[in-house]
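Presented below, as structure tokens, is a lone chain in the form predicted on its own.
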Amino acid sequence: MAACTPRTHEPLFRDTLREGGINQYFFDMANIREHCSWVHSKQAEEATQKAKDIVRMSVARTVGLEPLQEFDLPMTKVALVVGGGLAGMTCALSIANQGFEVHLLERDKELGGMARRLRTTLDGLDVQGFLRDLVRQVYRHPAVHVAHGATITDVSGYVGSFATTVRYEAGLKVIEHGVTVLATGADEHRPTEHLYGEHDRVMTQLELEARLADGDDGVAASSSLVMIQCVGCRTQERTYCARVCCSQAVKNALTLKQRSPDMNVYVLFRDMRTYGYREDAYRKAADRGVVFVRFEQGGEPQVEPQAGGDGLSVSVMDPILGARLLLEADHVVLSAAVVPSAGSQELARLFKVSSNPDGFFQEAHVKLRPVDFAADGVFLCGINHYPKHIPEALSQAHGAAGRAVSLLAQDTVTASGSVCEGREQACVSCGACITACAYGAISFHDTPVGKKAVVNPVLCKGDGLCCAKCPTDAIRLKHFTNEEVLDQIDAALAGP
């Protein structure tokens, strides 16, 4: 079939073959859209010739295709949700409300995660009231089993039949489950700059929000307060934008102006990113007298103790005025970055899932599989994916629950036939394939010809890394064999 990407339409044609009594692995799709027409849109004649080459190579490959069989795996109709924040609880409740048992693991002594430190949102949501109601629903639901102070020590198995070992204060427990959702949340960056931790009048936005909610008269009585954006992010160490910081700063600035209209509030920023309808709040803050001062990368503000006083002095280069401003502040508030939660990399290793360069979990495909990991049966939601506002996290939690339930509702799940297989006679037991496999699908086993590397087809995802690493060609990837690839190369070189 010469058409577009097999990502979207290959399953349809495979189903058609199967219904016609033909093995589905005899199908091959020549991608003449992404691999040809889209990248050569201004070279019509050359693109047409390349399309012919791609089709000819596909035909050559199909000559060597062999019938493969998929196999069914039993489904344990239990879900495991790791993380008891807003996203984790929402996901667990969504799964439980659809009739399935859920184990909800939380490393802290109480549920809520980062939401415990938030009082309101820019839209006016009472976060603590919403959180209390959600926690009450979780504890009262008979199908949700909550564990506090839980640490995962080992994970084994595969989609439909996972076994996760959890350490509690009382000991160890093994939970058998069919699917997993990682909703481990994130942490607030602990700044090392701008005198944070050295001066009691320097705080983060979350700490300011807590003080305002607790009725701290010292902050409310300030005559001047300076906020500094992008602390700990958009740097060489962390290149990403934390997304929620600008809205948090605008929200707290509006609260300060509401309580003390005469207070001078300054927001020092590189780029204000109150996207969507939050732009209205930014304009409202400016109308109420909040002063926004832009600085450029490399010209970050400098904070120093005020000479002869308890306050602080903040200097910043204003690129519009072309001059350095000196601001006297009673308090300095840092909009600290959102960073991956402690232990997230260990969980990634245990569940054999991927993280992006910033340390956040990475889905299988941003468009085609947005809440899936590459490892089957494992899903993600919340700010362990990337920094996001509460409505986004809750929407993603419902999406992850939907994907999990789509598997739990089945009695079996089907595993692909395109997996690797070992050839014992050629194996020299070097272990190169074991280190290359990201899914733990290969291990040494005693065989009649000695200790050899054996592939577990249930865990194998057919990525072929082990084939590339093996020095003796002892591992073969079904449906993408060396012979099939060489036939394609020969067809390409042979010409029309």
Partner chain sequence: MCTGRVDLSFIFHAFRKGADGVIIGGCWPGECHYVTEGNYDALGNLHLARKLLGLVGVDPERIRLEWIAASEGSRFAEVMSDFVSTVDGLGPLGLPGAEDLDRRLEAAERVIPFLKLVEREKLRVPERSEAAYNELFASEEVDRLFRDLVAEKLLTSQILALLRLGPRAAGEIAESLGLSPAEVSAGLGASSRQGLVTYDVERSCYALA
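These numbers come from a predicted model, not from an experiment. Positions refer to the first chain, counted from 1. We call the rigid core whatever largest set of C-alpha positions still superposes within 1.5 Å between the two forms.
What follows is about the form predicted in complex with the partner chain, which we do not show.
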- [ ] Decide yes or no: are Phe100, Glu188 and Val244 jointly within 4.5 Å of the partner chain in the model of the complex, with each residue judged by its heavy atoms?
- [x] no
Task: Answer range among 447-455, 66-74, 424-432, 24-32 for contact with the partner chain, defined in the model of the complex as heavy atoms within 4.5 Å - done: 424-432
- [ ] Classify Ile442 as contacting or not contacting the partner chain in the model of the complex by the rule of any non-hydrogen atom within 4.5 angstroms, answering yes or no.
- [x] no
TODO: Answer with yes or no whether Val138 is in contact with the partner chain in the model of the complex, where contact means some heavy atom within 4.5 Å.
DONE: no
- [ ] With heavy atoms only and a cut-off of 4.5 Å, decide whether Lys469 touches the partner chain in the model of the complex.
- [x] yes
Open item on the list: Please determine whether Ala147 contacts the partner chain in the model of the complex, using a 4.5 Å cut-off between heavy atoms.
Closed with: no
Task: Contact residue in the model of the complex, chosen from Glu106, Asp330, Glu363, Glu209 - any heavy atom within 4.5 Å of the partner chain - done: Glu363
TODO: Please pick, from Ala213, Ala374, Ala220, Leu407, the one residue with any non-hydrogen atom lying within 4.5 angstroms of the partner chain in the model of the complex.
DONE: Ala374
Open item on the list: For a quick check, can you give me the residues of 345-370 that have a heavy atom within 4.5 Å of the partner chain in the model of the complex?
Closed with: Lys352, Val353, Ser354, Ser355, Pro357, Gln362, Glu363, Ala364
Open item on the list: Given a superposition on the rigid core, I'd like a yes or no on whether Thr435 shifts its C-alpha by 2 Å or more between the shown form and the other one.
Closed with: yes
Task: Rigid core superposed: Ile32 CA moves 2 Å or more between the shown form and the other one - done: no
